[in-house]
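Next up: just one chain, as structure tokens, the form predicted on its own.
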């Protein structure tokens, strides 16, 4: 029997990337092998995102191309996983009848059995059509697994399945209970479900035993972790302290946070634990109280600023990252100017800026999308320009300093390697020594760019000589 080979493409957020690793773990345990490329795979899976229309458009386009391939390869199994599968369900099969399986995020735990079912059904359909010598549109197996199912967190993770040997994501919770009016995540991923601290420590320990030194904890609202674990006194602060005890772990980060859950005990943990990365992704979304109220974010600009001040008072070395949405229904020119003012006032180290995109089934989609597309684009570019200026200023302040870099791999520029600092800054330096990937090296910064910095790796003697320089290093 020829080997069963799969190819899996992920779209969207870090949670999707981790979900793909869990799906791969389950498939390999079932005897499937990863294909070298999509063309050599007999099972092609797309793990999808529904947060914005652009992400969905990419998947629809990809499925159209796979329909052409399936006409000549009727045995090919095509699967759609993730948030688009959950959102569109049977409509997806109606629009793309060649698709063999549609699996939502809540049903990843038995993805191996679901794929097997689709393979078997698809083989029967292909054989029937071959006997009939039909030239009609090739139909898919139509396996639908959405809504209730076995969670991906039920998978005992194969820690060897990950793209980076020294880095890993760990999902601490699934779903979201927040009522944000623009967001489809509660619909596609369901209610919050947290994992016990003991399970997370076990998974992190196994990852570290396999060479991981940096772990990023994931959750839709990660600092709300533990609210559903009744009687267990589980909080993100307690989890961070437990993971901090793993000797081989050198860096510990988490995303994405909500301002309402930046609690005093979490601030204390961030200030006191040296292995915790020195940045916090704390999306503001808007600098206008009127827009924040319409978004149902549950805080005001003043409350957001107060939380930031509380953090920086205890941990002044922290930097803030944010998300912003421009062109939300009803956002006026003055609302937008308030957002620009907030961006400048906080001085975010990094921001992701998105043009509002209506998502079916959300409260915001019921409102008139009244900001013209051209104005959305203008506002988007204004915020990006402000953020680029802020980021460049921070990078210029690093010139001449020495930073500790976790090397991630080759840069896009030949002859360079790239990595991240404890503040999540992207650093490039001249080297072609791939043995450095996964190690921590000192780099003296020589050049500041808009989205990264460039430096030179220091040898042991030079690093020792620079030990008294102002540095951005791990406090471990």
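Positions refer to the first chain, counted from 1. Note that the coordinates shown come from a computational prediction; the quantities given were computed from them, not determined experimentally.
Just so it is clear, the following notes concern the form predicted in complex with ligand SAH, a form of the same protein that is not shown.
- None of 220, 387, 106, 114 but one reaches within 4.5 angstroms of ligand SAH in the predicted bound form through a heavy atom, and that residue is 220.
- Comment: ligand SAH is not present in this chain, but in the predicted bound form one of 380, 357, 216, 166 has a heavy atom within 4.5 Å of it, namely 357.
- This chain is displayed without ligand SAH, yet in the predicted bound form the stretch 281-289 from 281-289, 96-104, 338-346, 235-243 comes within 4.5 Å of it by heavy atoms.
- Within this chain, residue 297 lines the site of ligand SAH in the predicted bound form, having a heavy atom no more than 4.5 Å away.
- Put simply, residue 51 is close to ligand SAH in the predicted bound form: some heavy atom of it is within 4.5 Å.
- Among residues of the shown chain, residue 183 is one whose heavy atoms approach ligand SAH to within 4.5 Å in the predicted bound form.
- By the criterion of a heavy atom within 4.5 Å, residue 323 is counted among the residues contacting ligand SAH in the predicted bound form.
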